[in-house]
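Below you will find one chain, with nothing else, as structure tokens; this is the form predicted alone, and questions on how it binds or moves follow later.
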Amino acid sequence: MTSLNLTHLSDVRTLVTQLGFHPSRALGQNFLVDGNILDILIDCAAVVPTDRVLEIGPGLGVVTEAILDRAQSVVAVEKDHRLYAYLREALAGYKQLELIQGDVLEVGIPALLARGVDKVVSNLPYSAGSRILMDLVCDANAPRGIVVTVQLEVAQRIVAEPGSKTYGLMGVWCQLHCDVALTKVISPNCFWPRPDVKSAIVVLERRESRLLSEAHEPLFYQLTRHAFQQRRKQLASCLAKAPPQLALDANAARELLVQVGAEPTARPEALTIEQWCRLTDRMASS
């Protein structure tokens, strides 16, 4: 790796000048330039020598190198061909590293996870962070740990509690599969170029036991997607006007809500994850 300290802004500026490179806003390229935040991210990840790690958007490699010093292997997927070329040379000494050049959504998250990934550790690109995270969490081969930086707004949606304005589809789907925590809010000054919004480190740890059978997950996704598309309506009314595979008459829907411990007039954001799972199970068996 370069002798420059890539958690120092002046050194990062020197490097990108040498490379003739300028970060792309369209690709969501904001490089971490704060050593304390890097340490917090790595500590949260708790990578051990047996871990197989996936990193998405390694950028200049500051997180990559820290992971490589701890993990059994690292697969890093970089979309920008210029950064890929730089990383291939700068990290050539790490034989446990596999670099892939391409858009991770085109490379395919299912294909990457199917190879065996224990943890994902990344500064996710702002432009596609939410989509990437949802694909990681909902995959059948999802890793047991995900530690990422995302926009603060996204992080708040992931950890939102029932009844809050930020509680919605992202939080429900993530919390179905994972215990979630927002561990650190990050100032825009910790990145270069400086983003317009704050960021946060979120930790998602795969639940040890399922809240819902795998067979019922497709119905769960259909049900919650339909409900939160009409979050201002009472859930009984939503189900009365749902597609055929979800539809119940309003009276039957209200009765089911009472059976799962929810108010008969409840709106989608009022139900806990456990109540959504019980509702799914009862609808699947009806």
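From a predicted model like this one, the values you see are computed outputs, not experimental measurements. Residue numbers here begin at 1 and follow the sequence given.
Below: the form predicted in complex with a small molecule, not depicted.
*Asks:* Using a 4.5 Å heavy atom cut-off, indicate which stretch of 46-54, 59-67, 243-251, 218-226 touches the small molecule in the predicted bound form.
*Replies:* Contact-bearing stretch, as computed: 59-67.
*Asks:* Please run the contact check for G171 against the small molecule in the predicted bound form: heavy atoms, 4.5 angstroms, yes or no?
*Replies:* No.
*Asks:* Classify P125 as contacting or not contacting the small molecule in the predicted bound form by the rule of any non-hydrogen atom within 4.5 angstroms, answering yes or no.
*Replies:* Because a heavy atom of P125 falls inside 4.5 Å of the small molecule in the predicted bound form, the answer is yes.
*Asks:* May I ask you to state whether V260 is within 4.5 Å of the small molecule in the predicted bound form, using heavy atom distances?
*Replies:* Contact check for V260: no, nothing within 4.5 Å of the small molecule in the predicted bound form.
*Asks:* Considering only heavy atoms, tell me if I40 and the small molecule come within 4.5 Å of each other in the predicted bound form.
*Replies:* The answer is no: I40 has no heavy atom within 4.5 Å of the small molecule.
*Asks:* Just to confirm, with a 4.5 Å cut-off on non-hydrogen atoms, which of E161, E153, E98, D103 contacts the small molecule in the predicted bound form?
*Replies:* None of the others qualify; the residue that does is D103.
*Asks:* Among the candidate residues D135, D80, D118, E205, which is the single one with a non-hydrogen atom no more than 4.5 Å from the small molecule in the predicted bound form?
*Replies:* By the 4.5 Å criterion, the partner-contacting residue is D80.
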